[in-house]
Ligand SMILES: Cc1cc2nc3c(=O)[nH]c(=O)nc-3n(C[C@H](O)[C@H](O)[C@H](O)COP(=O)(O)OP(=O)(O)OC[C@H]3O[C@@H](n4cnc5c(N)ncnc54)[C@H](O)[C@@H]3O)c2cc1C
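Next up: just one chain, as structure tokens, the form predicted alone.
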């Protein structure tokens, strides 16, 4: 780096997302006199608003985009620097920004987040999506679409299937059931009727839906045809929604690609009027993009939506440095959020928690964890400067996440999907159609996970049972008996 250093900051944070902004707030409150820089590409940052601590580990908040000047107004010792980071030199403790300026730091925290895993690069018909925020913005692009294919099986794909109205949706999932990252087949089956019920102001209970509970034969698609009220779509007749299970994307191509390669061995899906031969350009597909799935089916559509999770954004930081990376390509951090490079911390989606996890916690790249990690990284950076001891934060004791799917409140606790438990666990389930779904994961007679959908009011009780690791063997099935007020047992 030949450029002259403009200034050295005591603390430098890279990234204006939830983790970075929370880290800045935490540092400013711990050391008000500290000289802090926040480097971010955009003029807007993401702020946590309406924060509510719901229980010991559960928290609820909204995320809002705000001009970065709002942050500078709150913290007089903060300097916001644009544009983005171009390179990092951990030996000289300097960062170069895209416009060629160089800044020094004493302690750095990388909060550059993750970017959507794209099925293919540079295809205008393939859209990446990574949070519910973008799911809503996304509606605009879809307002003229007649058919879209959604690929992915996390919460975002679920949310999207629910948000999209007025066009046909084909959903390709690699698992046997929908929503696998968040739910098991039972919870998915509880939620599916919502996709078909009328979507009024959501106060009225869903009407009795028509759907099948048997799993489709391998490779078969299960179709739910829904009578949706469609305020803003092109298609005003019945909107249909079908799921292709246990398949992934083999290839994405355009009508033009088909035209240019007469040898294509692609079978058109039923009813599609295109043929793969060089002289029949008149019959070529009417869709802008085609997707071939590993089950051999090809679908034409207006957009392919890739909702397959995130890749840590480590790009500008690795060159010339020696960061230890985790298997998922995130920056490895220890229990003080420190990377393998001196004085460099990381928080949020860009990092991978490589300390020995509590048996009831796992990392999932969610907003709640970005906030918790950013907060804790700020605490650690301050503690190190002030030479104070610091313990791993309590929020890492128990995984907990609160969200909304299809307008139902959803609470996930601990190993809610029996992650890593192997065969030695049991499940208890209670389900009231259209109202609530409660699943408890027990291991060795102790509660280790739960999924609560609907207004169950069980989250605090279950959280306590998990944190206390009380032996529940004597209660057996009674644990979920709706006529017993379980809270009275365990107060």
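Just so you know, these numbers come straight off a predicted model, no measurement behind them. Numbering follows the first chain given and starts at 1.
Keep in mind that the form predicted in complex with the ligand is missing from the display, and what follows is about it.
The pocket of the unliganded chain is judged blocked, since the ligand, transferred from its pose in the predicted complex by superposition of the C-alphas around the site, places three or more atoms within 2.4 angstroms of backbone or C-beta atoms. Checking 36, 39, 438, 447 against the ligand in the predicted complex, a heavy atom within 4.5 Å turns up for just one residue: 39. Interface residue among 159, 184, 397, 341 relative to the ligand in the predicted complex, by the heavy atom within 4.5 Å criterion: 159. Only one listed stretch (375-383, 161-169, 110-118, 69-77) carries heavy atoms within 4.5 Å of the ligand in the predicted complex, and that stretch is 110-118. Using a 4.5 Å cutoff between non-hydrogen atoms, residue 123 does not count as a contact of the ligand in the predicted complex. Put simply, residue 337 is far from the ligand in the predicted complex: not one heavy atom of it is within 4.5 Å. The closest non-hydrogen atom of residue 12 lies beyond 4.5 Å of the ligand in the predicted complex. The shortest heavy atom separation between residue 295 and the ligand in the predicted complex exceeds 4.5 Å.
Of the residues in 317-341, only 317 comes within 4.5 Å of the ligand in the predicted complex through at least one heavy atom.
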